[in-house]
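Have a look below at one chain only, the form predicted on its own, in structure tokens format.
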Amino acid sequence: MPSVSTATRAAKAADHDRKCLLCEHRCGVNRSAGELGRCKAGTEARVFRHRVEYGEEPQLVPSHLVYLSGCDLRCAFCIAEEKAFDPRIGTLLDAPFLQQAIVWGRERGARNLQWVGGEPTIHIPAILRALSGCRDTPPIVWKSDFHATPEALELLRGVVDIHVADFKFGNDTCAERIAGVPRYVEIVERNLLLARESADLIVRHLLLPGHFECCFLPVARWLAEHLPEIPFSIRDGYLPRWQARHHADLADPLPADIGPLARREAALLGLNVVG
């Protein structure tokens, strides 16, 4: 049977179908009436892929990832490419689909159900509706760009077991140029502190070519000051995808020496590096 918490949160989340304040664009659109905000999402969520993966952080694998189309950011290097930005792509997410997927994942040894994207935050009402119609759900992992509002994070309290936060940029200039979002650092830092209070937290940072000084170091230093104990996952698998070729600094793969350099710096800062 669905938990009272999930069913109650699903009912509360429906408010955002009528006035959407799920991400910090705060569009306020009435999705139920067909209005579309920056992410172009409606009241339905769609799954463009789900599979059990082993490339996540050690404490998560094997993890059953459910990929939802649509996103509130516009990262030029997005590995999901067009699927991340078009919320019409994929299979409709509902309780029967999700229940079948959960059984499928368990049969393959998945330890948890991980919502990814695109960006799951823009689909919180649809996700909670689907979860509330399922029985015996596994632990929930929420992989997010952390551009959510406090209202959205509150809907996930008691539902999400582990947050995996992508801390992508160390300054607002890079964030606005590459992902199209203002006030990025302030928003993500606030949300990391909020999320830490309600669930386990893993912070992930994808190293970008040419962004060691401007992005990696500020992220690492902030974590060392505020969240030094939190698992910090440094990802060095960057490849130029999607629109990266239009940015001179992103057009080439990550140099091979940057990953080891970042891990050494993180260790000197006393961070809990897990990847």
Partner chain sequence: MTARRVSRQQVRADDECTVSDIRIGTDGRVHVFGTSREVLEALAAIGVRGDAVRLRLAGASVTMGDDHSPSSARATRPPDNQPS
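Everything numeric in this text was worked out from a predicted model, so none of it was measured. Positions refer to the first chain, counted from 1.
Absent from the display: the form predicted together with the partner chain. The rest refers to it.
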Exercise for the section: Tell me the stretch among 123-131, 175-183, 137-145, 80-88 that has any heavy atom within 4.5 angstroms of the partner chain in the predicted complex. Expected result: 80-88
Exercise for the section: Would you please decide whether R51 lies within 4.5 angstroms of the partner chain in the predicted complex, comparing each non-hydrogen atom pair? Expected result: yes
Problem - Contact label in the predicted complex: L36 to the partner chain, heavy atom within 4.5 Å - result: yes
Handout entry: Distance check, R221 to the partner chain in the predicted complex, heavy atom within 4.5 Å
Key = no
Handout entry: Heavy atom of D94 within 4.5 Å of the partner chain in the predicted complex
Key = yes
Exercise for the section: Let me know the one among R196, R157, R190, R106 whose heavy atoms come within 4.5 Å of the partner chain in the predicted complex, would you? Expected result: R106
Practice task
Answer yes or no: in the predicted complex, does the partner chain come within 4.5 Å of a heavy atom in every one of R9, F167 and N272?
Solution key: no
Practice task
May I ask you to list the residues of 110-143 that have any heavy atom within 4.5 angstroms of the partner chain in the predicted complex, in sequence order?
Solution key: R111
